[in-house]
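First comes one chain, alone, set out as structure tokens in the form predicted alone.
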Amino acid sequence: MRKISLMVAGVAGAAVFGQLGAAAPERWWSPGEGRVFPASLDYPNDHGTLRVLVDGGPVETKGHPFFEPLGANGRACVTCHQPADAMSISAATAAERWNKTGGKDPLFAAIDGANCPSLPQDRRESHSLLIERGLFRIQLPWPVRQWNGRPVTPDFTIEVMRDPNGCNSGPNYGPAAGNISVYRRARPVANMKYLLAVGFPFDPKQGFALPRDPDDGSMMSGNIMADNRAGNLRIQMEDAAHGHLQFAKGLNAKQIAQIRDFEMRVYTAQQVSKQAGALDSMDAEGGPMKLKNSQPGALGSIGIPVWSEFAKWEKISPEDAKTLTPEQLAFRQSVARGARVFREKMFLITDTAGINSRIGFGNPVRNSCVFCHNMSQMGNDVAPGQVDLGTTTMPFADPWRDLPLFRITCLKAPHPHYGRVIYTMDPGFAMTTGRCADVGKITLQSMRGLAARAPYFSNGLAKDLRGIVDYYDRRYNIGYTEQEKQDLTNMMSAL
């Protein structure tokens, strides 16, 4: 029996807010407002409607540490992890909050919501990186230190070649002051069981055994943070409490347990497409319910193929086609084609640390997008996902003048692809390991809820979904046809 009738198909784009006729919920969640978080929330976006599910919900947010402003700057975790933005935050939302509050929202706290705390905080241009590209300032210790404070002796030096915002030079900032600042997107706090899932007992990119969780001894996936500096949720929470929320003292065990419980129960995905209608109709399996009910950590190449949620739309019967508008039919077919292009379009992956080196699968190696985006239902990496796609490092990255530029000099062996001297806007994983060979590596993003949280990549390089496709096409000389580019874009808008 089909999940959607002709009548429902026709109104799917309008009846998306929980129940037919219900008003859209307030998009912005302010710290401490005490709203009850329902078991299901729907939010419109440019591509349709995002759905947020809370397994076992609803959740009482009053007094909950994820939603309460417990730090000095008035923020809560929810400030930078908004439900309407798939538990991240989009640049469009940041711009909207600036316009609505005149920059007074805690989102724009000087510690990381400004390009640098030393800039005039009442000026929009002092917060341009957050407003225009959704970037937060991340201050990291130099020389490198592990999560537990142990120093690491790096095998490279770092020099500041460009500092447009003043946070990598001067008496309080920069390598001479014991820190460097980079700028990154907020990663989504949803679908966490997939990000924590371990697919292998070792890291096939590095050839090392997976590290053990210091709290419970389990293997750590390495897929929580952009630079993998926090291996479990407790360490990530403590890092955020200090670096973003400005807690005077750390989270206690009860608060950590409450936040973890909430984060492990939240699932987000696009539920309705403006062009295609309901993404779980005609036997498709879009939306977050599939994520909630599936087991994480499955390798798509030997199990359920990545994005096979839309396989049924490859062959829509003439009978079913009659219940759709021509636009809906064409878009559904495009989504299904895009999923197949994602899995099957082969290209040469070259000079990419984490793939072509350290252990290496050959340079070049011929494969498709699912070589790295290989986890069923989620599209992140089953293995620890630190890969250098070139998005932050020359010559592949766009040379943005409003981001810092660092010169890295390898002291021992040269970098396997860039040589001894590297120019980068974000050293990435190297700021966790201290290894020159890891410069530019960034943990692969999850791919669900993309439509709600532009821009993309860790530094906001791609302003929209088409920009993701265009970057990969340029970086790896893939040679996508215009139809393939559009199909991939449409498919990602349905995730």
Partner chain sequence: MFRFFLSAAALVAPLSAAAAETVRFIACPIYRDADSGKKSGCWLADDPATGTRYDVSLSPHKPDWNYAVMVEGIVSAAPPAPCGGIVLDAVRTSRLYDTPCTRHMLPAEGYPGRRFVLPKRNITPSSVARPVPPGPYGERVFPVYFEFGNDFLVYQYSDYLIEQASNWIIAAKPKKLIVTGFAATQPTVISGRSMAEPAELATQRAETIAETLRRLMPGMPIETAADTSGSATQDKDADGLPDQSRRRVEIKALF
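Since the model is a prediction, treat every value here as computed from it, not as a measurement. Positions refer to the first chain, counted from 1.
Not pictured, yet referred to below: the form predicted together with its partner chain.
Taking the partner from the other structure, its partner chain in the predicted bound form has a heavy atom within 4.5 Å of a heavy atom of Asn367.
The closest heavy atom approach of Asn363 to its partner chain in the predicted bound form falls within 4.5 Å. Heavy atoms of Arg150 never reach within 4.5 Å of its partner chain in the predicted bound form, leaving it off the interface. Contact annotation for Cys167: none of its heavy atoms lies within 4.5 Å of its partner chain in the predicted bound form. Stretch-level contact check against its partner chain in the predicted bound form with heavy atoms at 4.5 Å: of 199-207, 323-331, 403-411, 126-134, the positive one is 199-207. Here is the short version: of Thr101, Asn293, Ser317, Ser301, the single residue with a heavy atom within 4.5 Å of its partner chain in the predicted bound form is Ser301. Site annotation in the predicted bound form: the residue of Gln275, Gln255, Gln246, Ser357 reaching within 4.5 Å of its partner chain with a heavy atom is Ser357.
Annotated contacts: Pro211, Met219 and Pro416 all touch its partner chain in the predicted bound form [non-hydrogen atom within 4.5 angstroms]. Although its partner chain is not shown here, in the predicted bound form the stretch 336-351 places heavy atoms of Met346, Leu348, Thr350, Asp351 within 4.5 Å of it, in sequence order.
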